[in-house]
Structure formats: C-alpha cells, structure tokens
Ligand SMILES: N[C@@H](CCC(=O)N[C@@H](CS)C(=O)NCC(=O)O)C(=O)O
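Okay, here we've got a single chain as structure tokens, the form predicted on its own, with questions on binding and movement later.
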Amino acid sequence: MPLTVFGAPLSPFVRKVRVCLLEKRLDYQLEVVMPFTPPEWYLQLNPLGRIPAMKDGELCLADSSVICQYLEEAYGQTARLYGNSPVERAQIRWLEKYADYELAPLTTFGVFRNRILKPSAGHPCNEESVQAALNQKLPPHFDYLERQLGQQPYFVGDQLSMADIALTSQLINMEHGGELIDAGRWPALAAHFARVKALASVESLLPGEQRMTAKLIEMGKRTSQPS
C-alpha cells in the first residue's frame, strides 16, 4: 500500500515532504486537503487541522519535520537526507527548523500569501507587509544563510539533505509570489536555490505548481475588477 500524503501542493511543507519521498524513491499518493478549512475527517488525523499529514498503513503522522524524520528512520535503505553523523544530523535539523520557523512567516505567509492567496480570495494584498519582508526582515536571514553555505554546494556535508530541501521549499513560495533572491547580493544562496530547483524531484512538481499559481493570479485579477 503506498504512503498517502494529505495537503495542498502549493504548501512549502507539503512540498518538503513530497521532495523527501521522491528523493527516497518511495511511492506515495497525494490527497488534496486545503488548509484553514479542512474537512472534519481530516481533524481525526491531525486535530490541529494543519497540513501536511501522512498515513503509512495504520500509522498517522502530522508535521512535515516529524514525517520526514520518520521516513528517514523507517526506510533506512533509501537515500539518506539527515546526514551521516550526529553533528550533521543536528546541523540539518537546525536549518530545517530555521526554514520552517524563520523563513516561512516571510516567504510564504508574507510574500506568497499577500501576493497570491489573498487576492484570489477577494482580499487586498498588503504590499507594505511584502516590502517589509523583502527589504527589512529577509535580508538578515539571507546574510546568515550565505555565510553558512560558504562555497559549498550544499548546506551540510557534500550531499543533498533536508536542510537544502526545507530552505528551497520556502524560497519557491517566494518565487511564486514574484520575488527572487538577489544573486548580486547573495550569490552562493542564489546558486544553491537554482541547483536544488534543478533536481528531478523538484522539477517534477514545479509545472503543476506554476499552473495553479497562474490560475490563482487570474482569479485575483477577476475579483479585483469592479462589477
């Protein structure tokens, strides 16, 4: 029986789990559950109502980091995404947490939500909040990540890890919202973003996401037109 992931494709947390599964070459199916208004049955899987959740047989799990770490431990014969030593595992978990807790409020809930989701639902974009995220709040985070990356192709060790996947998942939402990393200011981070985006696992998801984003933008244009 394939694994089942519950969530919406444009969620960076759902994307993180899907890329993890693809890198590990584990079969799964996606059952779309929208955030904010999940069906009652979903609350039996995750009483918080957040996405993603996952079922593996009779086991139900919620939270993207919990899910990915479970996959790492339960499917030990697959590609390793949490490093090869206690030090690497600690560094990867720190950067994964950094992406989820520090970048997400700005890239996803700041830029993407204001530029894409709110207009599609008939609500105005708070462009002041977007500009504050881009010009004031995100640059110190990008400075930190640029230093952490240095001249390495990946954040931890010499291979792809969940640190790279988690950080890129958040930056993809910023790109969906019309913004890219300034390669002149953060060249290593911009190159890393392009490198991870070019992975077959990530590339396989992006066309569908881009179509969804285009539809949401079109919906936003229609709702903003006077009747």
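Here the structure is a predicted model, which means the values were calculated and not measured. Note that residue numbering follows the sequence shown and begins at 1.
Keep in mind the form predicted in complex with the ligand is missing from the figure; the text below concerns it.
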property: The unique member of Val196, Ile51, Met54, Leu189 whose heavy atoms fall within 4.5 Å of the ligand in the predicted complex; result: Ile51
property: One stretch from 198 to 206, 63 to 71, 176 to 184, 159 to 167 that, in the predicted complex, holds residues within 4.5 Å of the ligand by heavy atom; result: 63 to 71
property: Thr213: touches the ligand in the predicted complex, heavy atom cutoff 4.5 angstroms; result: no
property: 4.5 Å heavy atom contact, Tyr98 to the ligand in the predicted complex; result: no
property: The ligand contact at Phe109 in the predicted complex, heavy atom, 4.5 Å; result: yes
property: Trp41 within 4.5 Å of the ligand in the predicted complex, heavy atoms; result: no
